[in-house]
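What follows is a single chain, given as structure tokens, in the form predicted on its own.
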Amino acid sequence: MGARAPEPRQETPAAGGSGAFLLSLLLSAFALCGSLGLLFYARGNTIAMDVASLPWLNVRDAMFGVRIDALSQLMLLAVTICGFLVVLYSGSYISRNNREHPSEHGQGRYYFFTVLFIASMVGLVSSPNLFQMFLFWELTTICSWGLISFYGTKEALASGFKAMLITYGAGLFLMAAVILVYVNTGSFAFTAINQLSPALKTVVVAFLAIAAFGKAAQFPLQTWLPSAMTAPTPASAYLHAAAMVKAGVYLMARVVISLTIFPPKLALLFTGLAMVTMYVGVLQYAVQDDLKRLLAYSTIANLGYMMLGLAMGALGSPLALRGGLLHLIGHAFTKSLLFLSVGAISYATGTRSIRKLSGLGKRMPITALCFVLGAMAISGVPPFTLFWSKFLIVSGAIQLSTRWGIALAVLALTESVIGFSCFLRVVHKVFFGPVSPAAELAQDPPAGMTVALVILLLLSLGATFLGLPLIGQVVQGVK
């Protein structure tokens, strides 16, 4: 039998030059430049500007405005950098050259939801109060539904509905918390929670945590995230690495740093749920055949790491709080790198099946390097950012000086070992050995996709230097 002739892989002009793509790239670049400008202007200080209030509500503070502090700046870096790179990558991915989804249909709708998502996240993290945050919170839910159900298949529509049902249902608790704070304090400010009675404060914090757990796919509300892998892979990278799930982590971080006294029993409960979430995620690694679903469960486990750091910070460990926040930004870049590497694989081969792939390192050396180093980074191998964040979280657990803290440290380290072992197996199977038929014609993706991968790889190393100065400002302000 003769060898199969390679199929032409010339890039379609419409894929990289459509009006929707260029406009989206311009808008995402504007958001990125604006965020970087704010970062250099503020230098860790707080920028606040009131815009307006609703006259029929007797509220002490303005209801609408902008507040950029160190925590907001940390999130803005993740949201806008990853947003820009995802749009750049999408210019080639959403095309007829994509062997998994060879179509340019719906580009306008895809870029609309993507740019709206970026704008919603910028609005969410710059909100000065709970009321404005709730408005942008619900916008992210709508955008995630549009992107998860983008391809319009029965599975995609069902997954989009499931994600909306769980995250919107959890969001109702955020609305309830906003109402309780307003009725009892006459304010929507984050710090107004401190004015509540101890019993009511516990209820409000619990409601906020339910909303955060739904968004951040924490146990028992994590089931929507693996199903959401029906979204286009660049959208998955943004939703499940840098934006939607991080909104839940951001809300919990905002609550932790805003409260003078965090309800201790709730903090203990959240540490337990975070640890359960980590193991619900990591124990699913070995049975996955779909590379994206593997990354979905890895995301669940790493979100558990972030929540663990925040919860232990609420218990009085500043090291753990630093680690949880560093894990937030490091994971955004590292998991985006892994998702987009998988997108490059499916773009070139038409499959994400682990059992169908072998020898890709010989055909896609740049993609292979990015995935292998991304797998090392997500597993906490030094000198990547997630090594330092896990180091701080484990150190923070020991800092609690209790048997509970020591147990948390041991369990966290064990999770990392299990995760690293599973990623080693996948790396060996997919990138080494003989070249499988599915990988025979594969090659590294076009320039726009490759540039995004390389930048994210560098950020997986450099996020420590970007994040720690801001994190120091956040933790310094915690009483």
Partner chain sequence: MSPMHIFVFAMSVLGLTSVLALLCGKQRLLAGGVNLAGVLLASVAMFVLAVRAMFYAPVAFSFGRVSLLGLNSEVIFQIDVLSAIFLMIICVLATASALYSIRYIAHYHEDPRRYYFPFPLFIAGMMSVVCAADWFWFLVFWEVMTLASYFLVMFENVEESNLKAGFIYFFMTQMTSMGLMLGVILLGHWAGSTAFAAAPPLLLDLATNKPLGLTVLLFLFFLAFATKAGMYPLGIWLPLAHPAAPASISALLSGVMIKLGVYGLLRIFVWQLPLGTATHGWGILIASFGVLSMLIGTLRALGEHDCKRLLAQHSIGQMGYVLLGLGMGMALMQTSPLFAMIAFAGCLYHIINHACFKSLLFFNSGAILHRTGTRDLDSLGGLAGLMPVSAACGLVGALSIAGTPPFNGFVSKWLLYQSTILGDSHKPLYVLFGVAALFISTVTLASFVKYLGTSFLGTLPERFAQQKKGGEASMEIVEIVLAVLCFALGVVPGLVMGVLQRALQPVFTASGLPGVAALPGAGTAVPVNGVAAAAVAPAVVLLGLLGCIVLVAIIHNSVKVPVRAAAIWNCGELIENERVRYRASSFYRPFKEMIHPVYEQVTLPTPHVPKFVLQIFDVDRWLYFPVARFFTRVSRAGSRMHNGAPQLYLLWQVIGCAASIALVVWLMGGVK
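Just so it is clear, the model here is predicted, and its values are computed rather than measured. Numbering follows the first chain given and starts at 1.
Absent from the display: the form predicted together with the partner chain. The rest refers to it.
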Quiz item: Pick from S395, Q195, S187, S353: which has a non-hydrogen atom within 4.5 Å of the partner chain in the predicted bound form?
Solution: S395
Exercise. Quick one: from L38, A62, L424, L27, grab the residue that has a heavy atom within 4.5 Å of the partner chain in the predicted bound form.
Key: L424
Practice problem: Tell me the stretch among 131-139, 318-326, 240-248, 104-112 that has any heavy atom within 4.5 angstroms of the partner chain in the predicted bound form. | Solution: 318-326
Quiz item: So, in the predicted bound form, is H428 in contact with the partner chain at a 4.5 angstroms heavy atom limit?
Solution: yes
Quiz item: At the 4.5 Å heavy atom threshold, is S416 in contact with the partner chain in the predicted bound form?
Solution: yes
Practice problem: Indicate whether A409 is a 4.5 Å heavy atom neighbour of the partner chain in the predicted bound form. | Solution: yes
Quiz item: At the 4.5 Å heavy atom threshold, is L221 in contact with the partner chain in the predicted bound form?
Solution: yes
Quiz item: When you measure heavy atoms, are L54, K265 and F270 every one within 4.5 angstroms of the partner chain in the predicted bound form?
Solution: no
Self-check item: Stretch 357-378: residues contacting the partner chain in the predicted bound form, 4.5 Å heavy atom cut-off
Solution: K362, V372, L373, M376
